[in-house]
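As a starting point, one isolated chain is supplied in structure tokens, in the form predicted on its own.
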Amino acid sequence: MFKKSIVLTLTAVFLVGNVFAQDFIQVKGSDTLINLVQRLAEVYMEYHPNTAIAVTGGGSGVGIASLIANRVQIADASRPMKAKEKTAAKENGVVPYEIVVGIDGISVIVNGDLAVNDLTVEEIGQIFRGNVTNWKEVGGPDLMISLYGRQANSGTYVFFQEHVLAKKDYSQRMKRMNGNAQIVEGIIADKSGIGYVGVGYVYDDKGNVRDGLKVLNVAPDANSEPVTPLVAENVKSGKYPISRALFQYINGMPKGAVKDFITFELGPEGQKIVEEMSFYPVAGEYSENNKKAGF
């Protein structure tokens, strides 16, 4: 599996070659999903030159807010919509339909030279809450821990806070980065750093874990075996304890170009791209979830 480096985020870029497009789809939201959905859009537009798709980021919260305000056709989100967001949507006449386009194992990463390989979910939570501040407290070297995380509008920030920090506050010492790529670069340059990113961001273009980076094995508790998110079955089965669905939200039952694009994403070629971008294809209960939205 490999992740292509795609950094095109401006609407104008996606309109090149589609100047006379009859259909226009605007997608906005999750930084975790942006590279994946940009790649899906590129391939889809090769088959459908009369459709232009603009994919931009900003965070899951920004994407969902844009859908609620009827400014986009698709909101990318690396977390489920909140109850208050669904209420706001209903008040604005928007009926959110939920689709799962892939599965992610949030990867806890450290510098490649750090002598730590395994942690429990509780230990990771203690580190990011600021209760553990030195690597020697979890079996590592006598070195102060540097924290790298996301900003509050990120779905990954919210998911990690709820499922790893037990809904408690992050440490004030955590560096809040704009995206997954910034966290990866920060960790590679910082021998005491620890961060969390979508699994698709740990690989280089050859499908190897990036030089200078280590992906930790994570155990659900002290009595369980640590497992890696780099093995697909660990994530899809839920054995890896920080697994999640990657969502898209639309307004109402899909139709026209929006339905056609999502059908492509969930079809064999789209799901192959999901794997090529180092995420995992939709399976099990998530497939059943998609049927409720008409897929």
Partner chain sequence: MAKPDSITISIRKQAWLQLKEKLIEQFFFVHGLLAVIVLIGIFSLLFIEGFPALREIGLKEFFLSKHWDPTSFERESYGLLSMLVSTLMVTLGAMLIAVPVGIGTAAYIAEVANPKVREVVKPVIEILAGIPSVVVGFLGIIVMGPLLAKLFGTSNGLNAVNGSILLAVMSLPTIVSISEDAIISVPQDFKNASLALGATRWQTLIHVTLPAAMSGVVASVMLGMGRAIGETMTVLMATGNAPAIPGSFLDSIRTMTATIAIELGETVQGSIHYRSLFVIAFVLFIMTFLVNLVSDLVLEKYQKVNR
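Positions refer to the first chain, counted from 1. It should be emphasised that the depicted structure is a prediction, and the values quoted were computed from it without experimental measurement.
This next part talks about the form predicted together with the partner chain, which is not shown.
Worksheet item: Any chance A152 has a heavy atom within 4.5 Å of the partner chain in the predicted complex?
Response: Flag for A152 set to yes.
Item to complete: Look up in the predicted complex whether E137 has a non-hydrogen atom within 4.5 angstroms of the partner chain, and give yes or no.
Response: Close contact is absent here: in the predicted complex, E137 is far from the partner chain, nothing within 4.5 Å, heavy atoms only.
Worksheet entry | Residue contact check: A245 to the partner chain in the predicted complex, 4.5 Å heavy atom | No, no contact at 4.5 Å.
Item to complete: Give a yes/no on whether A65 approaches the partner chain to within 4.5 Å in the predicted complex, heavy atoms considered.
Response: Yes, A65 lies within 4.5 Å of the partner chain in the predicted complex.
Discussion item. Using a 4.5 Å heavy atom cut-off, which of 99-107, 164-172, 215-223, 115-123 contacts the partner chain in the predicted complex?
Written reply: Partner-contacting stretch among the options: 164-172.
Worksheet entry | Complete contact of Y148, V158 and D190 with the partner chain in the predicted complex (any heavy atom, 4.5 Å) | Yes, all three are in contact.
Practice prompt. Would you mind picking the one in P254, G61, G270, P241 that has a heavy atom within 4.5 Å of the partner chain in the predicted complex?
Written response: If I apply the 4.5 Å criterion carefully, the residue I get is G61.
Discussion item. Just to confirm, with a 4.5 Å cut-off on non-hydrogen atoms, which of V132, M177, M81, V94 contacts the partner chain in the predicted complex?
Written reply: Exactly one residue meets the criterion: M177.
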